[in-house]
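Below you'll find only one chain, the form predicted on its own, shown as structure tokens.
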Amino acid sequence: MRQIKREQMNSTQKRIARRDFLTSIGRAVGSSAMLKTMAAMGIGTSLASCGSSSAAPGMPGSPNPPPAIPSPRPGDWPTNVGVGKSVVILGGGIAGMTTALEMTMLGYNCTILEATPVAGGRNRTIRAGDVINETDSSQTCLFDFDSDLYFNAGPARIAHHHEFLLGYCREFSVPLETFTNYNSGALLHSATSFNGQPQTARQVQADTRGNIARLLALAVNQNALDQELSANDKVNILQMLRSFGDLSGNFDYPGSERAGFPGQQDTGSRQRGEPLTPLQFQEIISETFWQQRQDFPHSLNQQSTMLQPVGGMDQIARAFENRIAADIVYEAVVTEIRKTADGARVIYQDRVGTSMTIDVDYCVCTIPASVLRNIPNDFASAHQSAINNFNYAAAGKIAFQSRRFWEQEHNIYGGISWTTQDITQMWYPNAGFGRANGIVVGAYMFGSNANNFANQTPQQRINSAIAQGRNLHPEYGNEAARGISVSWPKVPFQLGAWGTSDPGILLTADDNIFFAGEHLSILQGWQEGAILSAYHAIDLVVSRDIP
């Protein structure tokens, strides 16, 4: 694993204060235009996300990760430092398996207690015959048996700079492929804009850029920025704006070929080369949905290139599992966590209901706080309070098997369509292009939408998702079939999608009990965060054993 280099970037270039810049625009083109430009530029809204892999900026469940702290990593710890020491790890997700893998290599004797029959935690891929159990329902996946027909119910993408997770993929020979996070041919849909008709992402982006460039060029040409720009600066910025917005020679925006051509969203169009009429800019800036959706692929953890394992995200979990399988006790439900004079004691029920006890030097607990708070323990009061008050995002997904009509009839290959409806997102498969059938994720939702989703029966979820999906693709109701859903707040041993609270004291040891999990990292909701949290817990343990 390579060391992350931390660099401080200093800029001595002349900067224009945004407030002065916009004030000048207001003088030139009016306060209304200034406010609209601010909205289109995202100024005054929180549109950048460095947290969850799932929650779009500004959406319910978007986490507030803790401040960055120097992160330890393999190579920092002395060889054989753990010889003669025992560790029990509670939970066999990515954090737990990373902990076991790395601590075993340091000489520690590790045991993982995993409550379910399979390791991976929320890293779960659903295929034909698999069962999704929730607290009040059970569903069996009815997809056809095919390597391309799978549904990543939990994490589904990897940022290109999540180097530790990607490093394990290389080490374990897990093949990767591109995940298309942004597709200009996908759809953006608001029930209250453009008469409820979905628009292609390419046209929304082209027309937004064109109008922003037009307004700023107008301000420059009316000398509104003369106090901030030299004559040469004005020439250069006008040239930049013409290119940025694809403006005409007189800095107007009559439309752009970047927006596509009439009928491009449907196969068979004969209108290539004909211009599209620009969308009304007032509608684009009428609600934050349009700005947020354009910003999404620019936030750090959503930027290209995104990746996914070939054949499903659980290929990573299986690769971890194969290396530490002998250390995992499956269907081991923890019933008590206790301190001892020189270590920790964990009591659990095995798969046949027999109560078992394990005494160790150290315990690393990766159980989600939403579950952990209900397990009897003798944690310190500050740690218990943090666990009791730890918040988790609600999230839900539903997937359907379908003919690949989005490719065959709408030229959409991978990516995400967005809507203001409850379903929030529609994901198109990023592999198996050109094949007859694929798995479309017909909803990925957070916050109150996800809570409503959780309260529906599986069949109600299917009915609702298909009805809403028709507003993006009219043929959806005749194509989407064999639906299966997951509501993470109702999944046993998870009871939530990802942590959203500041970890605070949970980043410290409680005697010989340590805590880890994606919720205790700066990358909440990401598998890389789970790995970083494991490294932090390992470092705390190792510091006890260094002579």
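All residue numbers refer to positions in the sequence shown, first residue = 1. Not measured: the values here are computed from a predicted model.
Same protein, other form: the form predicted together with a small molecule, not shown, and the subject of what follows.
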**Request:** Go through 469-477, 409-417, 317-325, 147-155 and give me the stretch that gets within 4.5 Å of the small molecule in the predicted complex, heavy atoms only.
**Result:** 147-155
**Asked** Pick from I375, I132, L279, A431: which residue has any heavy atom within 4.5 angstroms of the small molecule in the predicted complex?
**Response** I375
**Message:** Exactly one residue in R404, R122, R293, R461 has a non-hydrogen atom within 4.5 Å of the small molecule in the predicted complex; which is it?
**Reply:** R122
**the small molecule contact at C169 in the predicted complex, heavy atom, 4.5 Å** = no
**Message:** Residue-level contact is defined here as any heavy atom of the residue lying within 4.5 Å of the small molecule in the predicted complex; does T500 satisfy this criterion?
**Reply:** no
**Prompt:** Heavy atom to heavy atom, is Y444 within 4.5 Å of the small molecule in the predicted complex?
**Reply:** yes
**Asked** Does F514 make contact with the small molecule in the predicted complex, using a 4.5 Å heavy atom cut-off?
**Response** no
